[in-house]
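Presented as structure tokens, the chain that follows is alone, the form predicted alone.
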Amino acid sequence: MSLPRRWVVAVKHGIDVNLTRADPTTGRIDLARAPRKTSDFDKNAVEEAVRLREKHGGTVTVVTVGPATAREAIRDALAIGADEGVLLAAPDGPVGDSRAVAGTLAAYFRTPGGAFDLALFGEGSTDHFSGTVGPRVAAELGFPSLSHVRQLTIDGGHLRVHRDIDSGIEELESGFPAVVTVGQEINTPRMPTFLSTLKSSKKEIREIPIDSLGLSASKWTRSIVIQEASVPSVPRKKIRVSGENPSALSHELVELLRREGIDGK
């Protein structure tokens, strides 16, 4: 008799780009104070893991790397239906970049408590969208990497996926363990109910300091540092269009656009 499957999902508590605002005077965006939320693509990964558990059994563990506030992303995943959460607690200061986060996750997955059959990732985060964390983890662990997956099925000991490529859709088959990144085409995440949210507050979140994973300081150091985030200044010409009737207004607008080099061709 085969052992229960272990489905693992990596989630990110990233910047909510829809609520990020720039200083009207300087145009700069304070990323440190920007509102944060669970990355949208990660919710699709959590939903897919929950569906796999509902069909094939096993447990769903959600993992994130970050400060204590990243627990919010874990709580969101637990409300969708994950069974437990793991916070890989980062040191004070900015969270590592894609390379550092992938290295941290791979180090955790090498531990006895981090072993999995299938690890699911969103194909990118809604703030940075490097699209590299899942494939990096697979490369570090030496596991198959299946990216941009839009359909996933399991038949015995085989994982079958449909994935998007430039020329169409590709069908692939893999064994276990494997690492998969999914897009939003794969499913529609369920909305947590009041009851599921209440139950999620009682589910366990284990906290593991990343310095207990045997990572060197250089492994966590960011390779890419954001010096500044700002909105470019685009001065408006404030041109007014006038005319006696809609036809005249349209004619004047067309002439103005032509003078700006926009001829509609």
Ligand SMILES: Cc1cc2nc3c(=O)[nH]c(=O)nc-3n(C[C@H](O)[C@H](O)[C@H](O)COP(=O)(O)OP(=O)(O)OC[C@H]3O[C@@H](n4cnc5c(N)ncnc54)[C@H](O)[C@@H]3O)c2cc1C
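Note that residue numbering follows the sequence shown and begins at 1. These figures come from a predicted structure and were not determined experimentally.
Same protein, other form: the form predicted in complex with this ligand, not shown, and the subject of what follows.
Q: Establish, in the predicted complex, whether R36, P67 and A100 all lie within 4.5 Å of this ligand, using non-hydrogen atoms for the distance.
A: Each of the three qualifies.
Q: Look at the stretches 147-155, 122-130, 165-173, 184-192 and give the one with heavy atoms within 4.5 Å of this ligand in the predicted complex.
A: Going through the listed ranges, the match is 122-130.
Q: Taking 4.5 Å between heavy atoms as the contact cutoff, choose which of A79, V161, A90, A106 touches this ligand in the predicted complex.
A: None of the other options qualify; the answer is A90.
Q: G96 versus this ligand, in the predicted complex: is there a non-hydrogen atom within 4.5 Å?
A: G96: yes, in contact with this ligand in the predicted complex.
Q: Taking 4.5 angstroms as the cut-off for heavy atoms, does V60 touch this ligand in the predicted complex?
A: Close contact is absent here: in the predicted complex, V60 is far from this ligand, nothing within 4.5 Å, heavy atoms only.
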